[in-house]
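Consider the single chain below, provided in structure tokens and representing the form predicted on its own.
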Amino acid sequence: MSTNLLIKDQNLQLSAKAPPPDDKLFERIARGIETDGYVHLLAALPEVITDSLLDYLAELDGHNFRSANTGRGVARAHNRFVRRDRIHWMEETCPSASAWFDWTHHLKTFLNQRLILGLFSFECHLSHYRPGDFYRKHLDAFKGESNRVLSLVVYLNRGWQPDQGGELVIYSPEDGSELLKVTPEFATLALFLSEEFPHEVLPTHRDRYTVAGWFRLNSSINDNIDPPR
């Protein structure tokens, strides 16, 4: 095969992995964020994206996951009374993650145009909750102290049953009442404003895999690169 044909074939394979932007899905996300500050969409992530995330997950083993910390930078600490999940920060350079990062880039562009959010970058990790693991009520960002603007959670668990726990619970910032309980069903999406909504992950009774990500503003100054990990 000639070099030109080989390049063409590789480009066709790449284009098959990354679907065109789904403006209908993106508009549903934008309307939810605009109206309520959060949105929950069952089995909404395109199949080609979930397939790529499952491929990425399959390439890892237990040694690639580390006990998750609370806080960031110098305030980072490990506290098993607060959270017990294990995480793996995802890298854009991994070929099996390309469709996922392309999708989040298109979503970022759409939300910036539609809602004028000023989103600059995206970071994410895979999260593994083993039976008994949880994450107590917390905020992903504190007002004026973080650059996380919008939180995104995707679930990678097939055949989740109602009695298996592991729900994401989102609470009202005004009175602490429960606004939404998200069962971690396969390809389900949950997004919410990072500074606004306290939330927690209830104890799970089976292995639970998610991708948790954050769209961020840019606060890199001179040699201080944001975000720190």
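One rule holds for the numbers: they count along the sequence shown, beginning at 1. Predicted model, so just to flag it, every value in this text is computed and none were measured.
Below, we turn to the form predicted together with ligand OGA, even though it does not appear here.
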Quick check on C124: any heavy atom within 4.5 Å of ligand OGA in the model of the complex? no
Taking heavy atoms and a 4.5 Å cut-off, does A30 contact ligand OGA in the model of the complex? no
If we define contact as a non-hydrogen atom of the residue within 4.5 angstroms of the partner, is L53 a contact of ligand OGA in the model of the complex? no
Does any part of R208 reach within 4.5 Å of ligand OGA in the model of the complex? Heavy atoms only, please. yes
Non-hydrogen atoms within 4.5 angstroms of ligand OGA in the model of the complex: do K108, F120 and L191 all have one? no
In terms of non-hydrogen atoms within 4.5 angstroms, which of the given stretches 56-64, 172-180, 41-49, 199-207 touches ligand OGA in the model of the complex? 199-207
Would you mind checking 81-107 for residues with a heavy atom within 4.5 Å of ligand OGA in the model of the complex? R83
